[in-house]
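Heads up, what comes next is one protein chain in two forms, each shown on its own as structure tokens, labelled structure 1 and structure 2.
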Structure 1
Amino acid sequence: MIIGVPKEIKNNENRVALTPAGAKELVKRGHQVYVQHSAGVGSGFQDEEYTTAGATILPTIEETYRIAEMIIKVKEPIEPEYKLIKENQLLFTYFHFASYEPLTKAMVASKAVCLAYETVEKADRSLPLLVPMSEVAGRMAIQKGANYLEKPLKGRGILLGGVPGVLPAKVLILGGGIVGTQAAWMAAGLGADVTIMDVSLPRMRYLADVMPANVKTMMSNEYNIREMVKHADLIVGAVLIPGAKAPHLITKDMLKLMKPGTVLVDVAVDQGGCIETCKPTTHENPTYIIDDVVHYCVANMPGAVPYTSTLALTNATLPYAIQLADKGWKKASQDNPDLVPGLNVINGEIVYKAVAEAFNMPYTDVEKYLAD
């Protein structure tokens, strides 16, 4: 198969979808790998490393899309890329369709095959290609939140872990999944007073068992959230519904209950956000303030630590990329059920129900395409 790796062009996105090591694995299986010039530089990989691995460097993004049967990316295509995508071309990347209708319509119009990292799902309901970036984003949420609590950045002026004789900051985490768990570990390690809210009692029992003593669990409901936001210094939104828009757990009116300088970090922003006043920001302009509350809503947080993020992501995606390259998307999906829910759009039809429902668009059962 002919595989293309374009350079990411989203604002301050420095990750790359394939490392030289990954390129070598694909090349030794007989595939042709084309990497756009300087695609890996932001993550610390030079063009020469790719050529040594057997890949070919192409000078432009247009050439990379033109030649490839399968495009491997990190983030969803943005508007300048829409016209480059070809009918029947396989795109393997994060899409987060349910949060952005123009992207969904553009991919439907392209008649490409869109296989989304975030909805690849194992039999135990885990999301193997979302986990590594969720781990990075969860940890970064505390790093960034602690930073923006500083007074020069319009925060409350609180040190996350406090000092002897001074209470630590109160951190509220909405969601006890991968993001929430990693955020809790980081916040606890820095000495904060941490509360995780979730709707699953089994999950909270697990977290209560494994977390240190400065982490508490609490049932997530509107009443409890309203009470907790009054006292929190840093709030992390860590809620995910696979493939669907995140629910608004913090509404605009709740901001009036918060202390001035409270910091909100919405990790779910690329799926619509679980904070009503959240809107996607960039690493260049990461925050804005509403009602004296600092909002940090960067949609590609792991892009700020591209070396770590690229290695973590490609460790997870490469085995699936190899299957897709070896067998094609249809046979690979027939042989590996994990890939089936990853299929979101095929040849102009939406085959992932939550995406179709998000925009009231027609839905087609994916089995139409997988049946022999």
Structure 2
Amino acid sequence: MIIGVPKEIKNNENRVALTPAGAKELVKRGHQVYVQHSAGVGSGFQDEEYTTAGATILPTIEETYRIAEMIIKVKEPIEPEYKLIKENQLLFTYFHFASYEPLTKAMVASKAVCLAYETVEKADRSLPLLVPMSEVAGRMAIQKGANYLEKPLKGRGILLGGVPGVLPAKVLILGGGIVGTQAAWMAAGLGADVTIMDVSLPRMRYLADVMPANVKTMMSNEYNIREMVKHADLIVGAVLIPGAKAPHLITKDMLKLMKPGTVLVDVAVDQGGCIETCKPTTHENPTYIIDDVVHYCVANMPGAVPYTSTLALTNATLPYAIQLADKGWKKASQDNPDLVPGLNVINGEIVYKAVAEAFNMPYTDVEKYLAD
């Protein structure tokens, strides 16, 4: 198959969908890989590394789209890319269709096949192409939180791990899923006194088994949260209710209970945030202060560490990209059920129900395209 890897043109996006190692794997299998000039530079990969791996560098985005049967990307195509997409071309990338109608309409009009990273789903309902970014954001939440706890950045001036003779900081993590667990490992590793709150007892039993002694678990409810925020130095919001807006577990009035200089890192900001006073911020201007409490609410945290994020993402996407390249999207989806929910748009028809419903557009059962 002919595979194209365009350079991401969305603002501040430095990730790339294929590493030189990934290009080599595809070339080894007899596929032709075309990478747009400087597509990997933001993640630390030079054009020469791709050519050494057997890929060909193309100077422009137009040529990359024109030649490719399958486009592998990171972010959803943005407006200037719409006209470059061809009928029957396979696009494998994050789309987040339900949040943007013009994109959905443009992809329907293109008659391309859109396989969305975010809806590829395993039999246990986990989302293998979202997990790596949650892992990055969870770990980063503590790195950022520790930084903003420093006095010059308006924090309490407390060191997460304390020192001999001085107690460590208290870290409260709301939600013990992927983000919360990774945050807890990092905070615990730095010596902080960590509490994870969740509503799932099985999840907390698991966490209590695997976490070190400086991580405790506690049932998440309003009473307990009100108590805990009084003592916390760093609070991480990591709650997810699939398909719904995050619940506001920390309400505005609770800020008054907190110590001045407490830091809130609301990772769930992309789902509306689990802290009522959270509003999305950017890496250029990541924090703001309300009632002496520092809020960090960057919606694309992994974007700040493109080297790690690119490797983490491509570790997860490459096995699927190989199946798609080897077999084509139809046979690959017939053979691997994980890919079926990833199919969102085929030949001008929406085949993912929630997307059709979001915009009141016609829905076609994906089986129409998978039956032999």
Ligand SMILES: NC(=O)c1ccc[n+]([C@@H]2O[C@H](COP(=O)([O-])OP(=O)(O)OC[C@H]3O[C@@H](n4cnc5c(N)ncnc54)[C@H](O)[C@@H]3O)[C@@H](O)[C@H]2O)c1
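Computed from a prediction, not measured in an experiment: that's the story for all the values here. Sequence positions of structure 1, starting at 1, serve as the residue numbers.
| request: Mind telling me which structure is the form predicted alone? | output: It is structure 1; that copy is the form predicted alone.
| task | Determine whether Glu76 and Arg205 are assigned to the same rigid part when the chain is split into two bodies between structures 1 and 2. | result | No, the two C-alpha atoms fit different parts' superpositions better.
| query | How far, in degrees, does the smaller rigid part turn against the larger one between structures 1 and 2? | reply | When the larger parts are aligned, the smaller part is off by a rotation of 20 degrees.
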